[in-house]
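Next up: a single chain in structure tokens, the form predicted on its own.
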Amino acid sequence: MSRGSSAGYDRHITIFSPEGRLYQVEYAFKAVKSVGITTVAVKGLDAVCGVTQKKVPDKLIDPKSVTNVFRISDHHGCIFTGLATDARAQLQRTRSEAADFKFKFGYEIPVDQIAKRLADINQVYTQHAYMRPLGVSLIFMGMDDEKGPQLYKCDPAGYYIGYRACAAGAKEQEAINYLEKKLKEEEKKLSFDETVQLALATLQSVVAADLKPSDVEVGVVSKDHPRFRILTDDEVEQQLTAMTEKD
């Protein structure tokens, strides 16, 4: 790698380069993409859907034990993109925060609050020399009693914000470009099926290959079924078939 102007400034996370960059934080963003997995999430009128690639690294590994989609609480889910070890540490912290909130206040933590809490933790990781940023991007989905479906994304730098649709991973920019074309209308109202199919179509477009149920994981939460769940292979097959027939 060419050192260039980064010489010396990428050794410590707490030192800014003369251009005002923190190279270790930038490397954490590269770590998210280095896994080679792309994740897409879309928010509809009364549902949120997240789709991610499922890659089993070894033929001897049980495919059922490989997943990037997790439930945080009854109505909240999370999809991680990046280093699996870092993601599991974050997931454990996220579940702990959600459980503590419900214990204290008697209701489930809002999606924006769980994203804010994780973003605060991630930001602290960029301040201290004895820590390193976590190479994982987290997408949170859930149903809010007041605001309806919610979709938030949190990155390694500690930045979080709500989205109508978002992407993370290797083909993030291509997925964003596709979603921007499909969601031109400001108040696009998507049904549950349309939300799932748009997420699948976006992922299929950026990977440039026909998707199979075994290739993807689909996490959904909707107004009719507010409990976060992962679609079965048969349900994914139905959505892919409907998507193909529509085209």
Partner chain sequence: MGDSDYSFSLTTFSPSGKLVQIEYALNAVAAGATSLGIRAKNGVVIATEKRMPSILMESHTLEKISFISETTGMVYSGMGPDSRVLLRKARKFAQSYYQTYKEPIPVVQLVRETAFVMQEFTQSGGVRPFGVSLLIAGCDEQGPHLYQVDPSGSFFAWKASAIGKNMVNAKTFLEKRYSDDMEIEDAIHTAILTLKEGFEGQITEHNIEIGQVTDNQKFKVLTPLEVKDYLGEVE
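Numbering follows the first chain given and starts at 1. If you're wondering where the values come from, they're calculated on a predicted model, not measured in any experiment.
There is also a form predicted together with its partner chain; it is not shown, and the following applies to it.
In the model of the complex, Asp58 stays away from its partner chain, with no heavy atom inside 4.5 Å. Interface membership of Asp144, defined by any non-hydrogen atom within 4.5 Å of its partner chain in the model of the complex, is ruled out. Although the partner is absent from this view, Tyr160 contacts its partner chain in the model of the complex, with a non-hydrogen atom inside 4.5 angstroms. At a distance threshold of 4.5 angstroms between non-hydrogen atoms, Phe80 is out of contact with its partner chain in the model of the complex. The stretch that touches its partner chain in the model of the complex, counting heavy atoms within 4.5 Å, is 162-170, out of 162-170, 95-103, 136-144, 82-90. The partner is absent here, but in the model of the complex a heavy atom of Lys184, alone among Lys189, Lys30, Lys184, Lys64, sits within 4.5 Å of its partner chain. Interface residue among Val207, Val35, Leu179, Ala201, judged by heavy atoms within 4.5 Å of its partner chain in the model of the complex: Leu179.
Residues are counted as partner-facing when one of their heavy atoms sits within 4.5 Å of its partner chain in the model of the complex; in 102-141 these are Lys116, Ala119, Asp120, Gln123, Thr126, Gln127, His128, Ala129, Tyr130, in sequence order.
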